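The chain below stands alone, shown as structure tokens; this is the form predicted alone.
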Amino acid sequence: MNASLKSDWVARSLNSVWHPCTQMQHHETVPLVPVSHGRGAWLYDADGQRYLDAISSWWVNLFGHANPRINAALKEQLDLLEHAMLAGFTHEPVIALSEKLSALTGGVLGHCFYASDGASATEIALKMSFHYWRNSGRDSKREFVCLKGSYHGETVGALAVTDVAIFRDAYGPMLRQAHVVTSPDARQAQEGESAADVARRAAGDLEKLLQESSESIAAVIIEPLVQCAAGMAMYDPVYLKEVRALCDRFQVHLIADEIAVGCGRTGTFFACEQASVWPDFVCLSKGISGGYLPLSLVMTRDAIYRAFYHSDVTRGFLHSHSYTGNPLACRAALATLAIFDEDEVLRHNRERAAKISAALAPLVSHPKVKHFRNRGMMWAFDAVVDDPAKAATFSRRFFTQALQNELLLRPIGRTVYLMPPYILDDEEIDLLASRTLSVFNQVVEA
């Protein structure tokens, strides 16, 4: 594909497409990459230039682009059923997926409700919790609690439990106010404190709130182990244990937003497994379809499901999306789960993560790096940038420099993070680590 056609794609996109999470004027200086195709861990632009997809295309791609097994499953499904509404109908892919996911929780979370994106899953969980308490005769329980720095999506309900100013401030007048409690972010450790100490201190803040207001609180929503949009804030699993115990004690639901951290990202399929607890609701999206098709879902307990099971229509959960439980998306998810089983992905990821951590070792002691951290197949570190003007442009400058080094890396502020697909070989690991270091040096020294 020649350069003129590449430029044509860029110009046409900038003239007609409103790109997400983007100040469009920045594309006057920040390159827009016209992607032609993907293979494995790599994306290719219209000129054949390749980029190692080190953030899994916004954290969704688990087993590489154009994965042969997921491709085959989707091609087979295309000849059977592309879509049917799930109200009054059902189909084998959605049944099988629901059964397999429930089995992964040991049957604790036995019912799945489907949507297409993470924010919609958050909305569903919030509405289910609210409606459950109403159906149970406790109408006063209608408020929600989230963590400082939390992010749960950008629809109106999800924004109400999001505490990232750049996302929610413009829409504040539209939102219900949530209670915001201390984050267990291990970076907040004071001298002599461990990550577990920070987690227990944060749990103490939640306990005070619940002591005062539990009669009006429906649920606490958290991202287990890693608050992604807060700059990959990682914390000790003891926080999950403490919060589960507090929710039980004060009769408040626990919603686990595993949209980004589920599907093996933290080292276990569900992040909550690392604390040996199960929430009342789990939200999944992103990696559940292997990065192929829009799919999200909420898993919940039988006791919550039974509170809606009634002859009175108004007691039902009257929520719907046109593409709820889409057969193609569910089939992609089933193929994704099959790869987890057949390839022993979680075990191999532990070995792969150790290699990546070893390759990234030069960054741990880098004088311009602080808070280097890792959880499963997620890595992050914070850049030390003293010049405020350079700090403000760090992310864009890093992104641009990374593209010139065949890397797709998109920092959050001054936090550089890596969330690669689960297929990197030794050569790709070495390339990722060495070039991340090189790009970082170029940007912080500029």
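Residue numbers run from 1 along the displayed sequence. Since the structure is predicted, the reported quantities are computational estimates derived from the model, not experimental observations.
Below, we turn to the form predicted together with a small molecule, even though it does not appear here.
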Contact label in the predicted complex: residue 185 to the small molecule, heavy atom within 4.5 Å:
no
Can you tell me if residue 151 lies within 4.5 angstroms of the small molecule in the predicted complex, counting non-hydrogen atoms only?
yes
Just to confirm, residue 117 within 4.5 Å of the small molecule in the predicted complex by heavy atoms?
yes
Contact of residue 163 with the small molecule in the predicted complex (heavy atom, 4.5 Å):
no
If contact means a heavy atom within 4.5 Å, which one of 92-100, 169-177, 137-145, 258-266 is the stretch that engages the small molecule in the predicted complex?
258-266
Listed residue (59, 417, 398, 63) with a non-hydrogen atom within 4.5 angstroms of the small molecule in the predicted complex:
59
Which residue among 236, 280, 242, 223 has a heavy atom within 4.5 angstroms of the small molecule in the predicted complex?
223
